[in-house]
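Taken one at a time, structure 1 and structure 2 that follow are two forms of one protein chain, written as C-alpha cells.
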Structure 1
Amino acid sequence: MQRKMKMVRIYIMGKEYRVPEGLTIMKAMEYAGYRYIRGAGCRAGFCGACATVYRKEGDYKLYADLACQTTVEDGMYLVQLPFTPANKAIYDLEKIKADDKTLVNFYPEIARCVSCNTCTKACPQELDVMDYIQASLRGDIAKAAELSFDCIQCGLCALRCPAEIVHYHVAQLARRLYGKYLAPKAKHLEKRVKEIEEGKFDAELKKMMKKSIEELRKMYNARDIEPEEEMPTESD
C-alpha cells in the first residue's frame, strides 16, 4: 500500500500553498511553481546565493537562513531576497598595508558595532561573526581571517545588522591581507609552480583529460589527503 504524502501549508509572497513535508525551502518554492532565476547556486550550502528570510506561524521573530538547507514547517511565511547589502570598499591590495588600522580605515562602520550578536545568530555557517568584527576593530587581521575562513558571503549577517556593517566584506579584506602579507609561504609552492611552468605534469594532465567522469571520480575519492594544519597567528 502506497504511503500517503503528508502536506504542510506555506505562504510565498503572502499566497498559501501546500507542499510535501520534508522539502527544503528552495524545493518547496519550486514545487509551488516558483522559478529560481536568481538566488540559486550550488544548492548544497556552499555558495550563499539562496539567502532567505521567513517567519513561523504564531512567532513574531524574523528568521534568516539558506533556502537550500532549511526544511519547511507548517505555517511558514517565505520571501525571496533579490539581493543583500553589498557596499564594498575600493582598494588595491598591492598598495595597502596590513597594519592594525587598515580594516577600520576601509570599513569605519565596524566602530558602530554594539555587540548585539545578531550577526552571529543569523549566520547559517554558525561562524562567530561578532567576534571577527571585534577582532577587525582591534586590528587583529589574523584572528579575523581565521574566524571568518568558512564565510560563504551570503550576506545574512549584514541584512540583520542594526549598525549597517557589511561583515562579510570586512572579513574578505582580512583574509586577503592575511594571505598576501601575514601568512607563512606555503611549503614547496614556488618549486611546484616552477615544475608546472616547465611542463612536468603535461603528459599526466593529457591522460586525465581522456578519462571518463566516473574514472575521475574514483581517482578523486582515492587520493591522498594531507592532514589539516591550524592557521598560524601573528605571534607564531
Structure 2
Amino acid sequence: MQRKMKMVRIYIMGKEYRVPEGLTIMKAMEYAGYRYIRGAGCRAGFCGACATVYRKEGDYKLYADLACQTTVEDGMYLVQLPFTPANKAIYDLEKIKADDKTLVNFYPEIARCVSCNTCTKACPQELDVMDYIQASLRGDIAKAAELSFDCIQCGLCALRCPAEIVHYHVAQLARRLYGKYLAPKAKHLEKRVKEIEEGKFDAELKKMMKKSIEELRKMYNARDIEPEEEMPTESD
C-alpha cells in the first residue's frame, strides 16, 4: 500500500495550494499546475534562472532563494521572478584599463550604496555582496572579483537594492578585468597554446581524426588523467 503523502499549504501569487511536503518550490509550482517557460534552467542551483522571493507566516522577513534549491514550508507565500531588468555597461575589454576608477566609471550608481546589506541578505549563494560592491567602489577589482566568484547572476541582489545597483554586472566586469589584466598569468597555458599554434600536435591530431568512434571511445576511457595540482603563479 502506498504511504499517504503529507501535504503542506503554500500560497502562489496569493492563491492557496496543497502540495506534498519535501518538494522544492519549483516542483511544488509544477505540482500546482504552473508550467515554466522562463525562469527555469538547470534545476540544479547553478544557472540562476529561478530566483524566487517568499515570506513565511508570522515572519516579517522577505526571503530570497532559488526555486530549484529551496524546499516548500507550510504557510509559505511565494512568487517567481523570472527576469531582472538590468542595464549592462557596454565596453570593449581589449580597450579598457583596470584602474581604481574603472568600475565606478562604468557603474557610477555603486556610489549610491548605503551599506544597508540587503543584497547580502538576499543572495542565495551566500556571497558578501555588499562587501564586493564596496570593494568595487574603492577600486579594489581583485577583491571584488574574488568575493563575487560564485555569483550565478540570479539578480535577486539587484531587485532588492534600494540604491538601484546592478551588483552582478559590476561583479562580472570586475572578474573580467581581473582575469584579463590583474590575475597572475598561467605560464604553462601560454606555453601550450604556443605549441599548438606552432603545430606541435598536428600530426597526433590528424592521426586521431582518422580513427573510428569506437577506437576514440576506447582511447578516451584509457586516457591518462593528470593529478589535480595548484595553478602555478607568477612568483613560481
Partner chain sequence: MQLANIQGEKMEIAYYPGCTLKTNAKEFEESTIEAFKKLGIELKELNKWYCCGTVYSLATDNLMYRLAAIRNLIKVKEEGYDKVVTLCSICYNTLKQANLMAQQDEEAMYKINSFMDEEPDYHGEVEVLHPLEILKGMEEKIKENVVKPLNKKYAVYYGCLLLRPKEVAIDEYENPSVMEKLVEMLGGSVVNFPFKNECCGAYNVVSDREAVVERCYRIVGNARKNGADAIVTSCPLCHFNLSEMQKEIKKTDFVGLPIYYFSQLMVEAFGGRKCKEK
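This is a predicted model, so every value here is computed, not measured. For residue numbers, the reference is structure 1: its sequence is counted from 1. Note that the rigid core is defined as the largest set of C-alphas that superpose within 1.5 Å between two forms.
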May I ask which of the two structures is the form predicted in complex with the partner chain?
2
The number of degrees by which the smaller rigid part pivots relative to the larger between structures 1 and 2 is 28
By how many angstrom is the CA atom of E215 displaced between structures 1 and 2 after fitting on the core?
13.2
Cα shift of Y60 between structures 1 and 2 after core superposition, in Å?
3.2
